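In structure tokens, the next block holds one chain alone, the form predicted on its own.
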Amino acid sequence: MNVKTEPLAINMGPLHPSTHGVFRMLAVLDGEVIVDLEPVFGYLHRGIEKLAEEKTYKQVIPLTDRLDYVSSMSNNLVYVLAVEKLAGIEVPERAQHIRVIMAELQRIASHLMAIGTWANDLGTFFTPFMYMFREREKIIDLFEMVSGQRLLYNYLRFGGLSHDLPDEFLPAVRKLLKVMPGYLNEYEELLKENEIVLARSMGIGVLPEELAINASASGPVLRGSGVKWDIRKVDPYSLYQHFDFDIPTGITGDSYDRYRVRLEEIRQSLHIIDQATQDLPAGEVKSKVPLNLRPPRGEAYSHIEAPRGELGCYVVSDGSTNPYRFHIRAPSLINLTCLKDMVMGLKIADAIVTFGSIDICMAEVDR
């Protein structure tokens, strides 16, 4: 017997714990089935891009930390690369190697949080979440060694770094490289063939390859759909062209594939860090750059493979000490545009799993 139901519009968020911050999903339901969904942004708007235009180039670096506070090192990197391109600043080779080490450590830390919180959305409660935060803390300890901070690092500078690595840093990194493969195997024992994980994520939130490309998705969201695209390979920066690593991809583009891509990317990041620490050259870690930098008139765009995808920075100079225009191309915002297509026809519980598998940080969405 067919039961006639009226469409019901419900709000999820902006304070719902599974919306990962100040984000709202306006869903229209037929029973439990999603027939329409509107992502609603704007609750965390802080005007960072406008603030940056009122500060000197160097003063903007701490603002980039706050764009994606789970990946602060990556945000530092894309901004300094843009300004270095704009001003023609050279970076010592040692500093470039250390930047790669920091970027890959940041990728691991971010992916651990992404997988842990996603597993929590699946209903695993806190076991995988706490396991992964255990290893994330080890990486945060490393960042604290070099910057004195555990969340917002402000470590990179135009022409290099704020200072060199402390003596205890490399031994601690090598210790991490030794133990992390065992921990990754432990995660796989928990999740890879767990029947609840498989039932709740395989075939859920499918993003077809063509749609992923047309929507300009990037990062694990794009690679989970089978597209082998990584900025570190197609447009290398910071000497990535000298490092050997693979690009993991998925098959069907579902939530499970996105989880698997992130886990494999952690293994590749460990491989990159191992190469960068073994070949770390001696020398300076910063070029001489004026305190009040005045790049020549012009514009520059840089982009990197951040943990969430292609993170871009566009800077325009009018010859003064402040950026005339500052804009961020945030992967979280672009990847979110696919959400409606990914959840149509699913049930409301599946929307939570799908949304978590995208892995966003609202601070870079609502700039």
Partner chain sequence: MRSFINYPPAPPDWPGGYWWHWLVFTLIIIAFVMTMALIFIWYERRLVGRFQSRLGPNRAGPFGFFQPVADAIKILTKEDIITSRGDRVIFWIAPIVGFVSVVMIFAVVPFWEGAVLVDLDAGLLFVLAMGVIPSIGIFMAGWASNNKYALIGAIREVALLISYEIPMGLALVGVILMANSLSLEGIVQAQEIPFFVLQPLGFFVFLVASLAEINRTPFDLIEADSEIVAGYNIEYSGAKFAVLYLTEYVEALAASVLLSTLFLGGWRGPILPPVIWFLIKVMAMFTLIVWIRSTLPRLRIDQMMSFNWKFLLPLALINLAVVTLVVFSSLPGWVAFISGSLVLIIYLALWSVIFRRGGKFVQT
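What you are looking at is a predicted structure, and each value in this text was computed from that prediction instead of being measured. Residue numbers count along the first chain shown, from 1.
The next section is about a form of this same protein that is not shown, the form predicted in complex with the partner chain.
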{"property": "Contact flag, Y131 vs the partner chain in the predicted complex, heavy atom cut 4.5 Å", "result": "yes"}
{"property": "4.5 Å heavy atom contact, L29 to the partner chain in the predicted complex", "result": "yes"}
{"property": "Partner contact for V100 in the predicted complex: the partner chain, 4.5 angstroms, heavy atom", "result": "no"}
{"property": "Touches the partner chain in the predicted complex: G123 (any heavy atom, 4.5 Å)", "result": "yes"}
{"property": "Contact assignment for the partner chain in the predicted complex, among L211, M202, I251, L280, heavy atom within 4.5 Å", "result": "M202"}
{"property": "Heavy atom within 4.5 Å of the partner chain in the predicted complex - residue from A87, L270, I231, V197", "result": "V197"}
{"property": "Interface segment, criterion being heavy atoms within 4.5 Å of the partner chain in the predicted complex, picked from 114-122, 293-301, 241-249, 260-268", "result": "114-122"}
{"property": "Stretch 347-367 - residues with a heavy atom within 4.5 Å of the partner chain in the predicted complex", "result": "K347, I348, A349, D350, I352"}
